[in-house]
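Take a look at this single chain in structure tokens; it is the form predicted on its own.
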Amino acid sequence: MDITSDSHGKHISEQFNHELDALKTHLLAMGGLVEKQLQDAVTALLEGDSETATRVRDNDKAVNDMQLKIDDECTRVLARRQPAASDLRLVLAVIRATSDLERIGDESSKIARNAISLVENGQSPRGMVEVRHLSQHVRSMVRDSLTAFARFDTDLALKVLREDASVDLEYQSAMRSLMTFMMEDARQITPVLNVMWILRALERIGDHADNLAEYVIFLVKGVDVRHTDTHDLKPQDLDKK
């Protein structure tokens, strides 16, 4: 059942309404924190700012704590309210989404740690242009997936899903270029490996943003599009499933 015809906001219990709204609010707050972690990690890397990178690394615990808190809230809603239909989908989507947001936080922390390593060794290796381009693409996916969740916007969620293939191509192209560069200059192997780990983290963040978009479609339409080819999926196709 489409969420537009099965609203979360029409329960007899106002407390139940509040609990569901709180789940969504807290998820988006966690998303905002994770988005800032990613932005700060990339900025620290590109600007050689070890202080900001250290702050991102150390702030990963705050992301983990938010996940635990939201998971506990979801468990209590399931136990007390036994939600059904779109209410149940909301709780399940929030549980799944917090897991992916936590993983985005982990990948952002990896970027920060590699940035610290590069700064401490006084290195500015090849690959920063590729990092900048890929990070912009991935950050846009994360932002759009969170916006889609906030607005129950399946069109925007589909847009995010279509972007994943472009991110994969960018990542593969950058990795090939860096592999060739390392083969030509063995002295650059260590710093370039740092960059390759950063690119890998960004690619994984794109995958998690993709997952978030899938949860939006599941929440709004009740359709599970995981493990399906979403490249040519159109909004009207969701109503046929």
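Just so you know, these numbers come straight off a predicted model, no measurement behind them. We number the residues from 1 along the sequence you see.
Below, we turn to the form predicted in complex with a further copy of the same chain, even though it does not appear here.
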Task: Contacting member of Leu156, Val167, Leu92, Val119, with respect to a further copy of the same chain in the model of the complex [4.5 Å, heavy atom] - done: Leu92
Task: Arg200, heavy atom within 4.5 angstroms of a further copy of the same chain in the model of the complex - done: yes
Open item on the list: Given that a further copy of the same chain is not shown alongside this chain, does Arg143 nevertheless sit within 4.5 Å of it in the model of the complex, heavy atom to heavy atom?
Closed with: no
Task: 4.5 angstroms heavy atom contact with a further copy of the same chain in the model of the complex for Met182 - done: yes
Task: Contact flag, Thr43 vs a further copy of the same chain in the model of the complex, heavy atom cut 4.5 Å - done: no
- [ ] Report whether all of Met175, Thr190 and Met196 sit within 4.5 Å of a further copy of the same chain in the model of the complex, measuring from non-hydrogen atoms.
- [x] yes
- [ ] Select, from the options 81 to 89, 158 to 166, 144 to 152, 127 to 135, the stretch whose residues sit within 4.5 angstroms of a further copy of the same chain in the model of the complex by heavy atom distance.
- [x] 81 to 89
Task: Sequence-ordered list of residues in 63 to 100 near a further copy of the same chain in the model of the complex, where near means a heavy atom within 4.5 Å - done: Asn64, Gln67, Leu68, Asp71, Thr75, Leu78, Ala79, Gln82, Leu88, Leu92, Ile95, Arg96, Asp100
